[in-house]
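Presented as structure tokens, the chain that follows is alone, the form predicted on its own.
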């Protein structure tokens, strides 16, 4: 991996706040010409510092206003069962984030659904159909205080 310098960090910070900037606009913000900025961005992408560019959508405007954090405990802990659970979770569109965690539970899911009835349907007809779930504990978000995609640099 290439070492990052001060300009690389500035580029990353600017892009994570607004990835829609043109190379010319980005170059003006870091006081360089467009060619070296373009080359730096391409290197940052190639090295994996920049994973992808995407639009951040408003779930409420898209009728997905209920956010639920669901803690999952598996019945058994084998590689085969864990891998199957991960495969199953990846197929569920309602699950927008999944973390393998330590503590009382094995996985933490972030689920986006329309409303409580939609979540009930998700639990009964999708999550509940998965093999080897020992227990699930749901926490419903009443209000979002902070939701940042920014990596502190």
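Residue numbers count along the first chain shown, from 1. Just so you know, these numbers come straight off a predicted model, no measurement behind them.
There is another form of the same protein, the form predicted together with another copy of the chain; it is not shown, and what comes next is about it.
Do residue 38 and another copy of the chain share at least one heavy atom pair within 4.5 Å in the predicted complex? Judged by the heavy-atom cut-off of 4.5 Å, residue 38 is well away from another copy of the chain in the predicted complex.
Taking the shortest heavy atom distance, is residue 146 within 4.5 Å of another copy of the chain in the predicted complex? Yes, contact at 4.5 Å.
Contact test in the predicted complex: residue 110 vs another copy of the chain, heavy atoms, 4.5 Å: Close contact exists here: in the predicted complex, residue 110 approaches another copy of the chain to within 4.5 Å, heavy atoms only.
Does another copy of the chain get within 4.5 angstroms of any non-hydrogen atom of residue 3 in the predicted complex? Result no; residue 3 lies far from another copy of the chain in the predicted complex.
Is it the case that 58, 61 and 150 all touch another copy of the chain in the predicted complex, with a non-hydrogen atom of each within 4.5 angstroms? Yes, because 58, 61 and 150 each have a heavy atom that approaches another copy of the chain to within 4.5 Å in the predicted complex.
Does anything in 46-81 come within 4.5 Å of another copy of the chain in the predicted complex by heavy atoms, and if so which residues, in order? If the 4.5 Å heavy-atom criterion is applied to another copy of the chain in the predicted complex, 46-81 yields 47, 48, 49, 50, 51, 52, 53, 54, 55, 56, 57, 58, 59, 61, 62, 64, 69.
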